[in-house]
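One chain comes next, on its own, written as structure tokens: the form predicted alone.
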């Protein structure tokens, strides 16, 4: 591949993916499409300013004329779609942006890619489309879709659109699904950066319910390596799961963050549980190991320490995000501002 389009490349995972791709493939150039809504941050890729292999195009994936103009710019080998509204809490407050971007935006991309005969399309999805697990078992690619939030329902809908285009139009797409990501550049409404920011200011950490909901955590670079493997070696029409083999309760993760920062556990404040809160996610990545040769590389304890150190070393990154633009569900419900 010589030239790819990445949508949502100014977000957390997309920006890490772009940087990784440029490092892995010295022949590759990237066009980054991003609408720059509240979670899209040009500062995430400030180090690529002036790089001849990187081009930024501001626009909306729901805008067919805009997407067409980018794809018509020439020699586009593949499209990797990260662009999405991605926060469950926000989807509970208002699901309409999730339907618009995650479903209509995906449909627009698919139609434009078909029109311009793009040779490869990767839909970046989430394990949340599978619903919730009990105390044992793991999600596989064969697990039925059973989304429980407006966010996950919109992602499942997009996945089904991609599947339909593969089967109806012989469209060259693959779908990836991952567990919870952590690492640098994550938007500060998500649990880890939110709790780091609050703890550093001795503000309370709002833990939903009993804190015993379980998530499998994957370092963002491990996830990006998986997407790269699916882009280059994945079989058309297939789904690939990526997990970090790092299951933790939300409470244990909160303890780990507070202990690493030298802050007291008395900062924890239990709050009313989120509506429809899934109990447990866990990924079986056997298929990705077998077909793509992918393995997670990060050890969670070390990866979390590196993540904390990044936020400690980059206070301006959070400070430069206007507080009014990232007021999260936590903040609206419980007054836990990050400023």
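Every value quoted in this text rests on a predicted model; they were computed, and no experiment measured them. Numbering follows the first chain given and starts at 1.
Form predicted in complex with a small molecule: not shown, discussed below.
S.K.: Only one of 178 to 186, 231 to 239, 113 to 121, 259 to 267 gets a heavy atom within 4.5 Å of the small molecule in the predicted bound form; which is it?
M.R.: Only one stretch passes the 4.5 Å heavy-atom test: 178 to 186.
S.K.: Taking the small molecule in the predicted bound form as the reference, which of 30, 292, 285, 39 has a non-hydrogen atom within 4.5 Å?
M.R.: Looking at the other structure, the residue within range turns out to be 39.
S.K.: Tell me, out of 224, 80, 162, 84, which residue has a non-hydrogen atom within 4.5 angstroms of the small molecule in the predicted bound form.
M.R.: That would be 84.
S.K.: Is residue 59 one of the residues lying within 4.5 Å of the small molecule in the predicted bound form, judged by heavy atom distances?
M.R.: Although the small molecule is absent here, residue 59 would touch it in the predicted bound form, with heavy atoms inside 4.5 Å.
S.K.: Are any of the heavy atoms in residue 139 no more than 4.5 Å from a heavy atom of the small molecule in the predicted bound form?
M.R.: No, residue 139 stays farther than 4.5 Å from the small molecule in the predicted bound form.
S.K.: Does any part of residue 91 reach within 4.5 Å of the small molecule in the predicted bound form? Heavy atoms only, please.
M.R.: Close contact is absent here: in the predicted bound form, residue 91 is far from the small molecule, nothing within 4.5 Å, heavy atoms only.
S.K.: Look up in the predicted bound form whether residue 151 has a non-hydrogen atom within 4.5 angstroms of the small molecule, and give yes or no.
M.R.: Result yes; residue 151 sits at the interface with the small molecule in the predicted bound form.
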